[in-house]
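Just one chain is shown here, as structure tokens, and it is the form predicted alone.
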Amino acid sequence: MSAYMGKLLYINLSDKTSREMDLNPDLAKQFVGGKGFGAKILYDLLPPGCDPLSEQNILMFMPGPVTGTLAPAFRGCVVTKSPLTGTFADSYFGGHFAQEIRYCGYDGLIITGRAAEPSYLYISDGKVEFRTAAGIWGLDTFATVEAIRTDLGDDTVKTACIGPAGEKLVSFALINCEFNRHAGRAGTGAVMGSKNLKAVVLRGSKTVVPADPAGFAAAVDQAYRELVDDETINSFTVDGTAGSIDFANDEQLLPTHNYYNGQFEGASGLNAAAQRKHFWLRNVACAGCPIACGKVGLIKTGRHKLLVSDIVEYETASMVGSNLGISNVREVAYLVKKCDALGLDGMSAGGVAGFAIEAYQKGLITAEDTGGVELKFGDADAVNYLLEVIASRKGLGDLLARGVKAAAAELGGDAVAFAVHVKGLESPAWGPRSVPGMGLALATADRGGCHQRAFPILYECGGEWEGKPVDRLGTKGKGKIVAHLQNYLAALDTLVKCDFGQYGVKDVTYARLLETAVGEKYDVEKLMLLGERVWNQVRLFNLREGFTRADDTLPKRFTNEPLPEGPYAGARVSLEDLSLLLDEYYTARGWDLEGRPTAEKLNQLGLESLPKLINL
């Protein structure tokens, strides 16, 4: 007995076929689930150099072996090759969709091909239906969910869908996994749109049974106690991630005016107190989660009065708020909900909008390009215009829909100097100029600039590592910290953990949950080895796609431009600093100085001669 359902569902949209595939025991043993399954399957099945928007690309929805159990705060991920970066892409989502994959009887969904016409999939307890999406193509994500429920006569189905941006193949389109839960990063929605796939809809009735029910129940109880007793978790329950606004602003990490600075004078208009005042009503939670970081509410005043909104979480409050010079949280809530409806990643959309506004100020984009709309920081109407033209790919929007890296290359001039991205992925809302360890984490993140692979800021801003204070502005030791954090979080992403749950649940408890769920002995050391194996497997994929040490870098805004003012004025992560950080990081990983895993390291991880673990 095991928490694995024992099946993967393979679907080919081109010929409208599907089949269940037995889960390879070696795949389960070596890669566990979630990110691990996605990493190995993508490497095994995808032809090198595959166009991410071709029918050959693979789109996977992957839960983990404890998703759908009573274990608290576990989710799912979408894995594919990114049309925005060309790298491996894994994008995580909460809500209830991932659990329903397990209840349908599967450990993952693997989708390939391209439907001849707009379609959606309805999967119910092993039965797969290919349904027309002709009547819902063009609808926003919220309307799509309601239309599908009406079509099926069932308001309990769980839906993952795209909006107009995904249909138009916007490179940073997201997949909506129902209200305010998204696989948001790296353009997963564009891959779905390229397959003429509007939605995947699930209805399941199976149960997930752990290998050791009594031991698993005890581990679940322990995880709940750790979450309830943790101060950081309690702060998420009270304030959600909006509570990070004040911290980031105080520490000069908050992106402001396209990352020109790290502090925003209007930050108090975006924080948890402002959101509570203007629209929060009650907490909401994902399946099986006691944290309840969501805050559904109603805007009470102003021109967006009566708009229903969830929390404006830290990343989008920053990227669509402070980064664009907007301090009115009601305006930001409206713009973020518009991103959700159109199917745009709010983080990338905020990064692209900030780039466009600065390009307009510097004359690289003109009023002729915008149809007379003036682009300026602090103007919510100008941002609204940008979101609309990007999602529809009209006029200037067609250029911006490709992301800041491609847009800067086409605009030319000094546009590359203020195009803030790593490997093509717009940077998250944590400016790294005064925290070089975070700069290294962004530079080496496997899907491009990402704060979810490692977050050394917690140690650099007054924390300790191995019992010693961390030198905030120093570089020594940061490579080891980042590599360790990346390995640990990669391991947890095979489960698939909630980003916030990790701050409360202890490593030994995660190991015990996994052990009692799957019936395989696990301790913290084995958990760390799992994470390192997964990280190296993804690195092999990116190397095969042509990425090198030269791509493990930061945008010029972070390397060439010091913070202009504030407590850390003059700080930057120079290219010399970054080179030192990379050398230490690669050495800590057992890679050569070009960032390639050595044969010795691959052998240690069991990857050197590992055969394909899945065949179609």
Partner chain sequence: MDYLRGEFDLCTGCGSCQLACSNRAAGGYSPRLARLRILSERENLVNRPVVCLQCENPFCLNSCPFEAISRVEETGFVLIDKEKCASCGNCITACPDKMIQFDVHHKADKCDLCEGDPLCVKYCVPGALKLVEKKGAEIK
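Remember, predicted model here, so these are calculated numbers, not experimental data. Residue numbers count along the first chain shown, from 1.
Although not depicted, the form predicted in complex with the partner chain is the subject of the following passage.
Checking Arg330, Lys337, His451, Lys405 for any heavy atom within 4.5 Å of the partner chain in the model of the complex turns up a single hit: Lys337.
Distance criterion of 4.5 Å from any heavy atom to the partner chain in the model of the complex singles out Val157 from the list Val157, Leu253, Ile111, Leu364. In the model of the complex, Ala483 stays away from the partner chain, with no heavy atom inside 4.5 Å.
When contacts are judged by a 4.5 Å heavy atom cut-off, Ser205 counts as touching the partner chain in the model of the complex. Interface residue remark: Cys286 is counted as part of the site for the partner chain in the model of the complex, having a heavy atom within 4.5 Å. At the 4.5 Å threshold, heavy atoms of Thr69 reach the partner chain in the model of the complex. The three marked residues, Leu46, Arg533 and Phe547, fail to reach the partner chain in the model of the complex, with no heavy atom of any inside 4.5 Å. Stretch 216-224 is the answer when you ask which of 216-224, 186-194, 414-422, 533-541 has residues with heavy atoms within 4.5 Å of the partner chain in the model of the complex. Residues Glu100, Tyr103 are the members of 97-118 with a non-hydrogen atom no more than 4.5 angstroms from the partner chain in the model of the complex.
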